[in-house]
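Let's start with one chain on its own, the form predicted on its own, as structure tokens.
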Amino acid sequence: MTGFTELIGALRIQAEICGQMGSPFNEGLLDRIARDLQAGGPSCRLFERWETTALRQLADDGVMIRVANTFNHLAMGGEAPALSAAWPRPGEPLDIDGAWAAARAAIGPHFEMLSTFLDHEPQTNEVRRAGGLLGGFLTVAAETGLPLRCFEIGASAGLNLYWDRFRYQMGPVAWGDPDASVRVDADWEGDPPPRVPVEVIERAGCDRRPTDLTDPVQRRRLLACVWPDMLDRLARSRRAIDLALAEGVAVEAADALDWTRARVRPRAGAATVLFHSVFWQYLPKATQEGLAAAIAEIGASATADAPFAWLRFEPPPTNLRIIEVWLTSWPGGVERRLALAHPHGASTIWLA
């Protein structure tokens, strides 16, 4: 028996979550990695940096997702042909045992590449989360009657900066250009949000370590964070990448607190929206407190002709398996919980 007690338990929890969220492949893969760690297999060397890490820190650092994604990253290239051949493919049944055997065998020959991937926190940039945010943007547009200025913190590659260029079909909710290349299809419960046209006149984003989509290596890293048996998510992400590149996406490398203080201010004639998705939980408590204070200060400067809104798609601290969509609007600082959502945006329950 090796160490890794906390990591083994965390991987089994994450395996269960992946199964519940529709990824039997990741469920099986993580379970096999946990068993390999318990047996003292080659996974121990690859993940030794987390041998004694506490469960809370493992969750804060997104370690369980890194562990699964690292083999996906290797499988997406041609460096390990046996692994690539065993990985999920359209129209073929899953072979989790075969995939894990190939992954386990690849640890030694590709240790450096796998280890380097593990250094970077997850950057999923899930496109379908825009469906959960949509109701918030539409609410701001309907209530202010103004064009939007959209600022995203923790923007990753900036895919969701172009949320208004997507086509949404979520139950009774249809919005956006029917011919858009990026389609967000999801379930919807509850009343539809306001149905209004939206004009985005300014958009910008920051990330501490943004993904440069012009770099094929970084594009591959981003796509490796999409669970490998969720082929529709992968196809949607590829289309969103093409759109962002065509639009000349540029995410600034900056600390979210510093960037918000420097870049985000209400402006007359437009509604300014600061937004983020599955980002807050990765921030140190001091940064969370600093950002909340800075956002409140920005809100205090808002006026009727220069309104400001804070829109977020985040899990509550005590339950990472559900997402809450919150909107705080200034002037006034009115806070509303608009919706509950699936972490990948597969469904939205509209509460507003």
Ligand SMILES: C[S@@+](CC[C@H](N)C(=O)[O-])C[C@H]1O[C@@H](n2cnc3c(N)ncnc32)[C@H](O)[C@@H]1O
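Model, not experiment: these values are computed from the prediction. Heads up: residue numbers just count along the shown sequence, starting at 1.
Although not depicted, the form predicted in complex with this ligand is the subject of the following passage.
- Though the partner is left out of this view, Asp229 does not reach within 4.5 Å of this ligand in the model of the complex, counting heavy atoms only.
- Although the partner is absent here, Thr124 is a contact residue: one of its heavy atoms lies within 4.5 angstroms of this ligand in the model of the complex.
- None of the heavy atoms of Phe117 is located within 4.5 Å of this ligand in the model of the complex.
- With a 4.5 Å cutoff on heavy atoms, Asp185 does not count as touching this ligand in the model of the complex; it lies far away.
- Contact with this ligand in the model of the complex, defined as a heavy atom within 4.5 Å, holds for exactly one of Arg89, Arg220, Arg195, Arg208, namely Arg208.
- A single residue from the set Ala244, Ala256, Ala99, Val273 has any heavy atom within 4.5 angstroms of this ligand in the model of the complex; that residue is Ala256.
- Every residue in the set Arg129, Ser156 and Ser277 has a non-hydrogen atom no more than 4.5 Å from this ligand in the model of the complex.
- Checking 320 to 328, 27 to 35, 280 to 288, 56 to 64 against this ligand in the model of the complex, the stretch whose residues place heavy atoms within 4.5 Å of it is 280 to 288.
- Within 4.5 angstroms of this ligand in the model of the complex, the stretch 60 to 91 places no non-hydrogen atom at all.
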